[in-house]
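Here you get one chain, nothing else, as structure tokens; it is the form predicted on its own.
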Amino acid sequence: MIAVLALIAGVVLGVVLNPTVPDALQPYLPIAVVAALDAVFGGVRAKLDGIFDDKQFVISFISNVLVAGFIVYLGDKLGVGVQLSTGVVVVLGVRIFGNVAAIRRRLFKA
């Protein structure tokens, strides 16, 4: 229940305050969101499997975002930012869909 209230509060604050992302960070925001979604779906899967650990979730969430951002930053510096960004999205996308499939199987027994 607390998570749902926090989500609603975050959406309301985002709409009311209309925050802006600095131009220097804009290339990294989509990658950070995909990395965060990977951690969230992994956490939901772990919770349904009965092996959720809050410390591991926080560390996974932060490290996913930082590592994905660092890979994209490194790609930008090497001149291959688009290719590495695509690679990060593909890898995280595969993980997200794997977790969603496991969640679906667990919830719907399908």
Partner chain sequence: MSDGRDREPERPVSTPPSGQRVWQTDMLTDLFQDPLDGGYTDAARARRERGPLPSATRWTRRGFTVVVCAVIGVLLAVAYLQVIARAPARATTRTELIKDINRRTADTDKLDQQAETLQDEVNGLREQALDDTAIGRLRELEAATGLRKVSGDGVVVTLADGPNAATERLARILDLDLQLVTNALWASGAEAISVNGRRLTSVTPIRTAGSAILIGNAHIIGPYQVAAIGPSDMADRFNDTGTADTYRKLRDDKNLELGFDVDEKNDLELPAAVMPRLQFAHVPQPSPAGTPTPSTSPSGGGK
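Take the two forms, find the largest set of C-alpha atoms that superpose within 1.5 Å, and that set is the rigid core. Numbering follows the first chain given and starts at 1. The structure presented is a predicted model; accordingly, all values stated were derived computationally and were not measured.
What follows is about the form predicted together with its partner chain, which we do not show.
With the partner omitted here, the residue from V82, L74, L66, A36 that has a non-hydrogen atom within 4.5 angstroms of its partner chain in the model of the complex is A36. At the 4.5 Å threshold, heavy atoms of R106 reach its partner chain in the model of the complex. Though the partner is left out of this view, A110 does not reach within 4.5 Å of its partner chain in the model of the complex, counting heavy atoms only.
Although the partner is absent here, I51 sits close enough that one of its heavy atoms falls within 4.5 Å of its partner chain in the model of the complex.
Taking the partner from the other structure, its partner chain in the model of the complex has no heavy atom within 4.5 Å of any heavy atom of A24. Residue V91 is the sole member of 71-92 found to place a heavy atom within 4.5 Å of its partner chain in the model of the complex. A displacement of 2 angstroms or greater separates the C-alpha positions of A9 between the shown form and the other one, with the rigid core held in common.
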